[in-house]
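Just the one chain here, the form predicted alone, laid out as structure tokens.
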Amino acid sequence: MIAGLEDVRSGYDVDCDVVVVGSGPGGAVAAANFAEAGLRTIVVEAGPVVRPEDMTRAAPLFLARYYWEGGLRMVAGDAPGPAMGGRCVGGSSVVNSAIMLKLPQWVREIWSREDGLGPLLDGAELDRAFERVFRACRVAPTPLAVMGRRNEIVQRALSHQRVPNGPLPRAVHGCEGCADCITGCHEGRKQSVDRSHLREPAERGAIDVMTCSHVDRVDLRGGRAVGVSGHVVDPVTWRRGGRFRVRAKRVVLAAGAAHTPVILLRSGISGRGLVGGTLTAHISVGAFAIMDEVVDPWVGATQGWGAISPDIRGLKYEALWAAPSLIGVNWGGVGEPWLRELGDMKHAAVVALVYRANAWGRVRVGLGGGPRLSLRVPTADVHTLMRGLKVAVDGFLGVGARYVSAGMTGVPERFGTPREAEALLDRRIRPRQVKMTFNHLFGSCRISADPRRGPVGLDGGVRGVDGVYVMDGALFPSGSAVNPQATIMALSDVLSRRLAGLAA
């Protein structure tokens, strides 16, 4: 059963074997495994169900209803930037581009060496988990037939720079190339976890999903979890409804790297200061190219083509598009000058760069009880990112771009030649000059064999309290170097199957 707002508005008090907080990639996988093991499972989700009729190109309205803080959540620090995350059944898997890549071997080795994760990563168990996840989500390379001109131009630009590239594997079946991933998938082609993992067990009554329910804290008795409690929130008006309580002997937190530590902190669980104290993120920038040819960038898979940099370890290139009402903010001007330039949008091609930086920071409890995020980005990592950006800009110019913009301060607004783009390599560039995003957040509740490095043990359990587990991106010891969804799901699969007593 999936309970809507009207079902839960006045509050509720229920019992189960396991309560899972969050219905995104980690939570959905865990819940499905607990249900398979015959455990009475309840999923508590802060957001609502997204209906197909709501998945339109009215992006600002969609973000306001189905993203945390209306899509305007910011990460403070020396390079403030947005961190967009889904607030709905299925979490960010509903609103991302469904890119699914396995954790690189070199990152596995770092996690094993620095945090003792060998028992989780070194055997075949994690590989089998990836196989199960990929099969359930019908992962396959993006078909060439749905690339559109935008992805093709990115392919040409990367090839011009001799960067090996190809179609990105995505959890999509029958993609129609509408470039609307950021506002869901109204045709149901994207295999988000609400479809791949929650729908079937919910329909047969093995899982109950309680929507519009914000968890305030884990309820404890004598150092042991006895459930969670919180309040119902209308997803449109943000008015509070009734209180709720879910009683369970096991609590699995899968609310994401921003909210999982906040729930622990509000419950009095600090992990000797480690909960929320080790936040990290991928840093991301974009290159916006205006071609002479008509591109119609709103046609084609949102992120169908990409590459792993052969020269900069941890750097990834992705073709990108979003709703014009959102991506248009990068055109800069206002009023009549902006309207004059708006026609250039149909000539646009965009590539995003995602880099595994050594960014570090914290998650704290904000004034309203939600997460307050901050990050420091090393200047050296920004210079590395600029080297990668120079490759993308040169690639676009090499295949006929009229100009390329990086949306930065302190460098030319437009690059028309590779010589002008040399400004990106200026060692005086600082993080505050770069328009970065932080959509991949990790590590706020690090898993580690060493209790001095992380508050979560190798079984996923939070140290110092019985019956509380973490199964989302908050576990990562550091950046994954690739889109994290597949790794979140695979780690959750391993940990939840062990906890439920299922065969690996």
Ligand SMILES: Cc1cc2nc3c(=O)[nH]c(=O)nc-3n(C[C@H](O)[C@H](O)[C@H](O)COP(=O)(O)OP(=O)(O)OC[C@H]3O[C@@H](n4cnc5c(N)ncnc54)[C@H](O)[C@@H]3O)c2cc1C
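On a predicted model such as this, the values are computed, not experimentally measured, just so you know. The first residue of the sequence shown is number 1, and the count goes up from there.
There is another form of the same protein, the form predicted together with this ligand; it is not shown, and what comes next is about it.
Mapping the unseen interface onto this chain, Gly256 counts among the residues with a heavy atom inside 4.5 Å of this ligand in the model of the complex. By the criterion of a heavy atom within 4.5 Å, Met84 is counted among the residues contacting this ligand in the model of the complex. Although the partner is absent here, Arg195 lies well away from this ligand in the model of the complex, with no heavy atom inside 4.5 Å. In the model of the complex, this ligand sits within 4.5 Å of a heavy atom belonging to His214. Only one listed stretch (129-137, 374-382, 92-100, 424-432) carries heavy atoms within 4.5 Å of this ligand in the model of the complex, and that stretch is 92-100.
The partner is absent here; in the model of the complex, the one residue of Ala287, Cys88, Val209, Ala319 having a heavy atom within 4.5 Å of this ligand is Cys88.
Residues of 425-446 that come within 4.5 Å of this ligand in the model of the complex, judged by any heavy atom, are Asn439, His440 in sequence order.
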